[in-house]
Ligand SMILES: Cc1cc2nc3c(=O)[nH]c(=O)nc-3n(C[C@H](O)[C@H](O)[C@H](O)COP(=O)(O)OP(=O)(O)OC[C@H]3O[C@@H](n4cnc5c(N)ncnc54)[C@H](O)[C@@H]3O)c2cc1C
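Here's a solo chain for you in structure tokens, the form predicted on its own.
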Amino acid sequence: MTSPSTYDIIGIGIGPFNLGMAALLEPVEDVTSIFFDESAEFKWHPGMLIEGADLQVPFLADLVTFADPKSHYSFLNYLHEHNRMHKFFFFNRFDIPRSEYNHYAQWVADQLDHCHFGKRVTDVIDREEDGERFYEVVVEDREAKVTERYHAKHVVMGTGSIPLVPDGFDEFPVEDVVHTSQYLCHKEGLVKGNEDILIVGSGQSAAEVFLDLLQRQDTGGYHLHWITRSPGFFQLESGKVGQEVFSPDYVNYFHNLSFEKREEELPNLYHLRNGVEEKTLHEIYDLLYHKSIYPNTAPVTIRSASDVKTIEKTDEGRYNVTCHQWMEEADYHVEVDKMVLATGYKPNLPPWVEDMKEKLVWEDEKRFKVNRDYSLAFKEERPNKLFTVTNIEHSHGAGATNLGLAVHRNTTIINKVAGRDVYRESKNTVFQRFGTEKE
């Protein structure tokens, strides 16, 4: 049996981050790569592709443009190839529909021969043979049910995140207690034949679901509840100077801070990361105002500063939810038929990372140390890198999940692997100077 050929890069997971890397690597002849994803095809947040919902970053934050505006895989070329350039010209906006971004990414994925879907990576084994280190990547073909093995000089972990569901709330049917990641899959069941629907959370996803259900309330006839632990329903900071934290310059500044200082800084950036777009809040309020002309035809209850603590099923088949108003330090109850949890996501770290735990440097019990070039820090330095674009908020700041910085991350990794500047790494990109850095 011959040994598998060794790739320079094997990418695990094909979300927007690794898909962008695959697109940027496609014309690079001296860097071999292959990417795997367990899904049958590319789908980007399919449960939240609500009609009318827009991407929260400009279209320039596509898969390639910040590194190579001339790339075949740019969003503008996608428009050109689909005869949509004039429509987009008259559309005259920088933000694009979320469903269009998904379609654009699918168009890119369909053209990349080194992206393989329906392939689940089950293990990554740290190997050393004849003095040479490499990673053995074990892949299960989900359709053929066969196991394949590949060798890689470097691995890029792009396994993304998984829904974060509070303890106890995952014990009930998913069609009754729905995470926003599955919202559209269960939407029809939410709007038909129910008296009370509860939405938990206050970010953009919660607001979009609330607006979508509010728009359909007249035909559904349900009472809509919206509860958040946040002290208010705050707008996303969209000031141009404030947005400069989503830049390579700020990443450099943030990464050089101590772990303790980085921990202190992240909450200060909350309004830049987790608020609701002004347009969405305005649409919600305007609709609420119009509905208030005829009181009680569209009942709505909105509460902030409330933790959703426990949930119990009643004898009537409904759900009794216990909430705690933490400013008044008082409990109250809400009885509903359905719930939508906009409770966010947590990093999806595969089990094989745990197998390497003793070899890695950790910043605390749960978060590994990540170098500036997005490689994991090993206790013993090694030439073969394990890069990650997952679980890096603590190391690289608020832009860790920002699409606008995805190309920058990929550029850094590609140049590191190639040992040369395949793509130019941008510096001095904004007007601010962070910290005491020089001009």
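In case it trips you up, residue 1 is the first one in the sequence shown, and so on. In this text the structure is predicted, and so the values were computed from the model without any measurement.
This next part talks about the form predicted in complex with the ligand, which is not shown.
- Only one of 377-385, 64-72, 26-34, 41-49 places residue heavy atoms within 4.5 angstroms of the ligand in the predicted complex, namely 41-49.
- The ligand in the predicted complex is approached by Tyr345, whose closest heavy atom lies within 4.5 angstroms of it.
- Among residues of the shown chain, Val57 is one whose heavy atoms approach the ligand to within 4.5 Å in the predicted complex.
- Among heavy atoms of Leu213, none comes within 4.5 Å of the ligand in the predicted complex.
- Residue contact check for Asn402: one or more of its heavy atoms lie within 4.5 Å of the ligand in the predicted complex.
- Screening Asn77, Thr228, Gln217, Thr159 for any heavy atom within 4.5 Å of the ligand in the predicted complex leaves a single hit, Thr159.
- Residues from 107-127 that approach the ligand in the predicted complex with a non-hydrogen atom closer than or equal to 4.5 Å are Lys119, Arg120, Val121, in the order they occur in the chain.
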